[in-house]
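The form predicted alone is given below as one chain in structure tokens.
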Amino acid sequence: MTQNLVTVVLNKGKEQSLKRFHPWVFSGAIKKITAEVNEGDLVRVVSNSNEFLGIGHYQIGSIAVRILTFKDEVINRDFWKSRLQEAIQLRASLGLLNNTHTNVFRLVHGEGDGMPGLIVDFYNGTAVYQAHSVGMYHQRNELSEILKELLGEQLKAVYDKSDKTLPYKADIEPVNGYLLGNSGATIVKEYDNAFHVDWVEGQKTGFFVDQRENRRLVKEFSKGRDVLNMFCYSGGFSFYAMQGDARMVHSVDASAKAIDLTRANVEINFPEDSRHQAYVADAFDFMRDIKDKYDLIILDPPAFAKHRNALHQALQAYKRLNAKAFEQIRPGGIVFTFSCSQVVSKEKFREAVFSGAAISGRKVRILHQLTQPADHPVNIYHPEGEYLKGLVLYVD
């Protein structure tokens, strides 16, 4: 039996998704809550006929409960240790622990690791903890201690960076800072390429860990090409292209800080290499007139739609952005195009890209369909976890 928890009762017929192990309970499915409950509390979810369905963290908003377990069990330190152990074992099986060539990877990936609302990225000895739910925010100290227990000397510090990711309705004021140890910005390795990473000031947890394998694929297509890396952030795609013997690489981002980071990263990998230039510019302004200048274009924008009510506007932006690339790339050119918006499905993203191709009037063929790497596993019962979508396209 579980600890004494407030019970969430669902409306009749609303239990089916939980019986299929989908880990979200939407607010519209709830019939009643048996007692007062605070955001972040553990709650017990039952059907209208009082059948046990699961235990999870309660939150205010459209997703009202994030299910942690479908078993009637106690959520305690042993439970969390077991979940973190499973996550670490998966990364070990992927060859990511004690890897001399790559020391940056995702250690915990939310629903994919049975810990909805939690992201942990590992940066050469520092774990960056990012809570997307109040429940996981409340767990931060205990989970940090367990991570240290499990990883030992491999883990030097844990940094909490949850101030921008917690639900906006949450009645707490998080302050980023170290939960364990203390370490400054560092240089990490990804396939022996060096990156400056700053989890304190940088975007996300400090680096876009999810594009590792896609950056490597860019290298394979870059030989002899003139490359444009839009929304470059820290320049990852840029110096993989340079490593692949690109003739010229231009990196573009609206953020001056991002461009400074890109230049620093290129410099430690390719010092004084005249093939690379970086520009602070709006993407649509920069792409207004680039006719026949590039034959490999990478489009990796930030999430155009973070919420479902922004979906239509986001799809229009993807369509316009890709149409610009298709219209102006040289014949025989390659476009790598991505969406990292969870609310944009693979089908909707492809439709937007196809619409952009139709507007351009060019012949476009799919060479690869891309997604996130294996350290960002997708729970098979939670397809929404496949948030990163990408296409590699050949343009005649």
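All residue numbers refer to positions in the sequence shown, first residue = 1. All values derive from a computational prediction rather than experimental measurement.
Here the subject shifts to the form predicted in complex with S-adenosyl-L-homocysteine (SAH), a form of this protein not shown in this document.
Visitor: Does the trio 220, 322 and 326 actually contact S-adenosyl-L-homocysteine (SAH) in the predicted complex, every residue with a heavy atom within 4.5 Å?
Guide: Not a single listed residue reaches S-adenosyl-L-homocysteine (SAH) in the predicted complex, so no.
Visitor: Please tell me which of 174, 181, 301, 244 lies within 4.5 Å of S-adenosyl-L-homocysteine (SAH) in the predicted complex, judged by heavy atoms.
Guide: Comparing distances to S-adenosyl-L-homocysteine (SAH) in the predicted complex, the residue within 4.5 Å is 301.
Visitor: S-adenosyl-L-homocysteine (SAH) isn't shown here, but in the predicted complex which of 281, 94, 268, 187 has a heavy atom within 4.5 Å of it?
Guide: Here the answer is residue option 281.
Visitor: Just one of 121-129, 144-152, 224-232, 270-278 has heavy atoms within 4.5 Å of S-adenosyl-L-homocysteine (SAH) in the predicted complex; which?
Guide: Looking at the partner contacts, the answer comes out as 224-232.
Visitor: According to a 4.5 angstroms non-hydrogen atom cut-off, is residue 237 in contact with S-adenosyl-L-homocysteine (SAH) in the predicted complex?
Guide: Within the cut-off, so yes.
Visitor: With the partner left out of view, is residue 294 within 4.5 angstroms of S-adenosyl-L-homocysteine (SAH) in the predicted complex by any non-hydrogen atom?
Guide: No, residue 294 sits far enough from S-adenosyl-L-homocysteine (SAH) in the predicted complex that none of its heavy atoms falls within 4.5 Å.
Visitor: Is there a non-hydrogen atom of residue 253 within 4.5 angstroms of a non-hydrogen atom of S-adenosyl-L-homocysteine (SAH) in the predicted complex?
Guide: Flag for residue 253 set to yes.
Visitor: Quick one: is residue 137 in contact with S-adenosyl-L-homocysteine (SAH) in the predicted complex, heavy atoms, 4.5 Å cut-off?
Guide: The answer is no: residue 137 has no heavy atom within 4.5 Å of S-adenosyl-L-homocysteine (SAH).
Visitor: Let me know which residues along 212-229 have a heavy atom within 4.5 Å of S-adenosyl-L-homocysteine (SAH) in the predicted complex, or say none if there are none.
Guide: Result: 215 alone.
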